[in-house]
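Single chain ahead, by itself, as structure tokens, in the form predicted on its own.
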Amino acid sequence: METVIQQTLNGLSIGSIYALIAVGYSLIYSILQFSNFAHGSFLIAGAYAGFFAMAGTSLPFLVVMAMALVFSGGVAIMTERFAYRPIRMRGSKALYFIIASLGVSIFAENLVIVTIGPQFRTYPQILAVRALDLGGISVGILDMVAAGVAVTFLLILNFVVTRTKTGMAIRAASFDLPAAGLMGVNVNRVIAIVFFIAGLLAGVSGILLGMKYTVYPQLGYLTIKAFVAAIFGGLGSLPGAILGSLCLGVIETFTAAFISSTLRDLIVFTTLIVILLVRPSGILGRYVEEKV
């Protein structure tokens, strides 16, 4: 029984990091109706910014983290401004956004390889690498901190979306972007805010993943798992993205612990196919006819 609880906690920890990424996917999808495959670029921007800030300065961790998150959010805004907005202003189909996002993703990865290098980089040690014994259940300190940070940011996001005027504008734009513009909502500003939030959350996950593992140019590929999680829960649904991420994290850890780590991805993507066949809109998603 202790092993089941142990693996559940591990799964929830990694699932909470996936949730930060999946929520960003869902936010952008809910506004612009396309899957932003350049999301990994925001993640590696935050991961590398955090690494260099920690390794090159003696600033407090929270200050370094804030600088890295502003940087990843800024990268997201620049991506929207120069890669997606020209396409949007021409009224192009969602397919062109997807193609552009793939191009941005490849460009960012190769830019990192050319300018920084392809080698793996290890974050300076900030937290003790040891586990706490909670009644026979061993929980890593870093896992606990990662889960706590992820939950904190998700609660802040929920407050912004549900309790502020900016959140109200985001929700209005997610229902009908052109109509929101006609009602006086500054659409360009709302989209920029959504990208900043998505980039910031991806930056948080990049720092946490960098601290847990290492930083390397292909780290952004992990966002594919979060994309799967977003589909699990229902692409476009924020609660669905969180639920799907937690489920994905638990499925991964249970597969690795009780079956085989080599079958982890196979089972995850098989589960994805089954969910798409049984419920194409995801667990909490809503069916919309013309989504891509």
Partner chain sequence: MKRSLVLLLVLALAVSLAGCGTPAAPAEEPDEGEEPVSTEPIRIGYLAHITGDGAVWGVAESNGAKMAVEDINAAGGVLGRQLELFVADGRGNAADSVNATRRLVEQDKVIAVLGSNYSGVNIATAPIVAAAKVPQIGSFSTNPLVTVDENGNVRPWSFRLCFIDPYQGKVIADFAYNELGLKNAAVLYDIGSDYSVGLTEYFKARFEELGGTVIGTWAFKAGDVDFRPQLSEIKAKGPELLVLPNLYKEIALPAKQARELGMSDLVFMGGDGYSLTMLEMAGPELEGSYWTGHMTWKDPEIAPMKDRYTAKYGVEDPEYNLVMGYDIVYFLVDAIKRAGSTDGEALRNAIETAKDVQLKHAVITMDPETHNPLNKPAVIEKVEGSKFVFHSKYVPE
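Residue numbers count along the first chain shown, from 1. Owing to the predicted nature of the structure, the values given are computational and were not obtained by experimental measurement. Whichever C-alpha set is largest while still superposing within 1.5 Å between the two forms counts as the rigid core.
Heads up, the form predicted together with the partner chain isn't pictured, but that's what we're talking about next.
S.K.: Tell me the stretch among 259-267, 240-248, 28-36, 62-70 that has any heavy atom within 4.5 angstroms of the partner chain in the predicted bound form.
M.R.: Residues of 259-267 come within 4.5 Å of the partner.
S.K.: Could you spot which one of S138, T166, S92, N186 gets a heavy atom to within 4.5 Å of the partner chain in the predicted bound form?
M.R.: Exactly one listed residue reaches within 4.5 Å, namely S138.
S.K.: Which residue among L177, M78, A131, L102 has a heavy atom within 4.5 angstroms of the partner chain in the predicted bound form?
M.R.: Contact with the partner chain in the predicted bound form is made by A131 alone.
S.K.: With heavy atoms only and a cut-off of 4.5 Å, decide whether F120 touches the partner chain in the predicted bound form.
M.R.: Because a heavy atom of F120 falls inside 4.5 Å of the partner chain in the predicted bound form, the answer is yes.
S.K.: At 4.5 Å between heavy atoms, is I113 in contact with the partner chain in the predicted bound form?
M.R.: I113: contacts the partner chain in the predicted bound form.
S.K.: In the predicted bound form, does L20 come within 4.5 Å of the partner chain, counting heavy atoms only?
M.R.: Contact with the partner chain, no.
S.K.: Would you check, heavy atoms only and a 4.5 Å threshold, whether F97 touches the partner chain in the predicted bound form?
M.R.: F97: no, not in contact with the partner chain in the predicted bound form.
S.K.: Given the partner chain in the predicted bound form, answer whether the residues S41, N158 and V228 all have a heavy atom inside 4.5 Å of it.
M.R.: Checking in the predicted bound form: none of S41, N158 and V228 is within 4.5 Å of the partner chain.
S.K.: If we check the partner chain in the predicted bound form, which of the residues in 3-35 reach within 4.5 angstroms of it by a non-hydrogen atom?
M.R.: Stretch hits, in order: T3, Q6, Q7, N10, S13, I14.
S.K.: Once the two forms are fit on the core, has V63 moved its CA by at least 2 Å between this form and the one not shown?
M.R.: Moves: no, less than 2 Å.
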